[in-house]
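Here you get one chain, nothing else, as structure tokens; it is the form predicted on its own.
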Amino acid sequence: MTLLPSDRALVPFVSVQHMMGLVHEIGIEKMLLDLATEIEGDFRRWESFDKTPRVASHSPVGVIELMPTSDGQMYGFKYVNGHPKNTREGLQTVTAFGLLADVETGYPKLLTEMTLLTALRTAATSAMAARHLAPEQSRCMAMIGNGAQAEFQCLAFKAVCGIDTVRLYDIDPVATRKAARNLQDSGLTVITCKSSQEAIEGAQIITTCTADKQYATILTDNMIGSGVHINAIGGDCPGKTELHRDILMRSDIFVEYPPQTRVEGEIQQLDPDHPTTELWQVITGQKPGRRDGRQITLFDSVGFAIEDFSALRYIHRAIQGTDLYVELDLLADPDDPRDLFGMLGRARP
């Protein structure tokens, strides 16, 4: 016989198509601004979260990770990979999905794609951090690395920080042309550049977002003058960095969760006791962020599970009252919770 699932067995699932529809319904800049606000709110209550470095399975070609956290009421995790070689095979470097669950029962409340959502929350986090760390009245950003993340970063900095000009550079000019084309109707002034050096000219904010899994030097010490904010988001696993060590030595460094960043971020190049400031402490006023106009601030961002938790909770609210999800029969929920086998038997054809 056919057994219909109970309401408790059904879990909302947001597909890629649904996520794209939700972004267009809300508007991408508003959604980025909303996510930045949501993430900042959770950074303000940072101490209420379970925190652990992501669980990573490394291989010679990439990494597969689980990123869990909980605030005691809800639990969330993200599955995400990072395989830089994928683009040569016509595949995404990063793919992801995530789940939000009720701590009281353990029942899932949301299952969603997070490839698009990770790009959105990463950009929102970058811009939220810059709102606290970048020079006042910053209007120009250099975007070095013009892959899948670039346009999201540019639009987030426009929506959250008010930049009006982006200077694009990638070692692959096809990527730069792609990013420029996608941003042509964004309201930003878009300038394509032929080198990293050219890209950073006149920029108050410098974002690096390159993908190769190697110790790289995207920016050298002589390129970086005083008074800029560096948003380094490409380094996110052991053996993968973008900045020359000397830049780090001249910068005030801000991080998400030090035990994770010291393994995966730019600061893996430094001594384990090199001083850093946790971003949540700046947001709550416990530690200073930017102190003066000559300071070099560096957000050494590797991505942390609380940011994904914020995004999952935002999506869970945003889909209410819409048709931008389907209900999956994901949980076995027999009438008698002790009779799972009986439920199976009654479903015999």
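So that there is no doubt, residue numbering starts at 1 and follows the sequence shown. If you're wondering where the values come from, they're calculated on a predicted model, not measured in any experiment.
From this point on, the text means the form predicted together with a further copy of the same chain, which you will not see here.
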Problem set entry | Among the candidates Thr192, Thr277, Asn81, Ser138, the residue which, in the predicted bound form, approaches a further copy of the same chain to within 4.5 Å (heavy atoms) | Asn81
Seminar exercise, completed: Answer among 294-302, 50-58, 281-289, 312-320 for heavy atoms within 4.5 Å of a further copy of the same chain in the predicted bound form: the stretch 50-58
For this session: Answer yes or no: in the predicted bound form, does a further copy of the same chain come within 4.5 Å of a heavy atom in every one of Thr95, Ala101 and Met343?
Result: yes
Exercise. Should Pro258 be counted as a contact of a further copy of the same chain in the predicted bound form, where contact means heavy atoms within 4.5 Å?
Worked result: no
Exercise. Are any of the heavy atoms in Gln268 no more than 4.5 Å from a heavy atom of a further copy of the same chain in the predicted bound form?
Worked result: no
Exercise. Heavy atoms within 4.5 Å of a further copy of the same chain in the predicted bound form: does Arg245 have any?
Worked result: no
Exercise. How about Ala119: is it within 4.5 Å of a further copy of the same chain in the predicted bound form, going by heavy atoms?
Worked result: yes
For this session: Sequence order please: the residues of 76-95 with a heavy atom within 4.5 Å of a further copy of the same chain in the predicted bound form.
Result: Phe77, Tyr79, Asn81, His83, Lys85, Asn86, Thr87, Glu89, Gly90, Leu91, Gln92, Thr95
